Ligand code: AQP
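So this first bit is one chain, no partners, the form predicted alone, shown in structure tokens.
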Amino acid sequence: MAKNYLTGIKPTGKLHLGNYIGVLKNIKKIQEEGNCIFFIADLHALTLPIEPETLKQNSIDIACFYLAAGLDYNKSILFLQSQVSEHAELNAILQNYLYMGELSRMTQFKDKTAKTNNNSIGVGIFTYPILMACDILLYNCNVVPVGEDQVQHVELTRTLATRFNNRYGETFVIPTAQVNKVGKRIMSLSDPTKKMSKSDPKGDIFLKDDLKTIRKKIMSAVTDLGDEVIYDPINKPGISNLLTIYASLKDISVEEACNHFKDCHRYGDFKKEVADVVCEEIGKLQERYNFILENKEYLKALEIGKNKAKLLANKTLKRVKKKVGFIDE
């Protein structure tokens, strides 16, 4: 039985190398393994303040980079979350089947609220995991490729689906989180103890950075004492992060990467080789991105994807409505 994959990217900032390694680079592979649904989580983007023009441009960028990375919209589905109203409608139903305590224990909620004044926190940050659960459950997904920080959300989705199934009978497929073995956590180049995000211009490699800037960032990356190129995240987080990036882009294990650099005792030479690999990969990606953007190919992909997604999502929503007792039209 073919697996159903679903993964999404939130358009809250510029895409970076961590997004590429964690999601985009694997698109071709998972398209061969099962049925794939990719979406742009623009409803989720509203949980924190964002300018309308920024949201629009970020959404276009994600669509173009999805396609540039190898997404075949005749084989897979690509759509904007906001254009499939079933997400919001299922959210209105399923929010009644999770508890306040469960949501308040979510790590991302606690992290974000710790940095923000309580008076300026939108309810959407608190209820974000419910909408994420709806994103997954609408499409009968078996597998949800995510970063380590999102595994807790998939676990909550499993809890919600199981609770609903126990009450109303078999309704939802119980999904499983899938985390990359290599490159599951790409760290900042300026502070390798922190995850690469969308807000650090020095530590993040953005997919739209010119290649000269990318190379400069890698050559300026924080390293560690000594001259050994070994994988040791505790004592050598900077070198370990660069090894992870190299291994991920070369499709090899970290151990193989370490073996490749075992005789290298100059960090400058090591960084140069990492930069060469990154620039080669991102350079090709940017060429495809520019072609897709110029020819507005993303508009056709999103329109086709929206129609396919609505057909699937509506079947699930009708099933849920019937189960809870709503009168069918």
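Numbers follow the displayed sequence, beginning with 1. Owing to the predicted nature of the structure, the values given are computational and were not obtained by experimental measurement.
Beyond what is shown, the protein has a form predicted in complex with this ligand; the following relates to that form.
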Query raised in the report: Using heavy atoms and a 4.5 Å limit, would one call Lys25 a contact residue for this ligand in the predicted complex?
Result: no
Report task. Although this ligand is absent from this view, report whether Gln108 comes within 4.5 Å of it in the predicted complex, heavy atoms only. Result -> yes
Query - Partner proximity in the predicted complex: Thr316 to this ligand, non-hydrogen atom cutoff 4.5 Å - result: no
Query raised in the report: Asp149: heavy atom within 4.5 Å of this ligand in the predicted complex?
Result: yes
Requested in this report: Using heavy atoms and a 4.5 Å cut-off, decide whether Ile9, Met196 and Ser199 all contact this ligand in the predicted complex.
Outcome: yes
Report summary line: For this ligand in the predicted complex, the stretch among 139-147, 69-77, 247-255, 96-104 with residues bearing a heavy atom within 4.5 Å is 139-147
Query raised in the report: Which of these residues, Ala161, Ile186, Ile205, Ala177, gets a heavy atom within 4.5 Å of this ligand in the predicted complex?
Result: Ile186
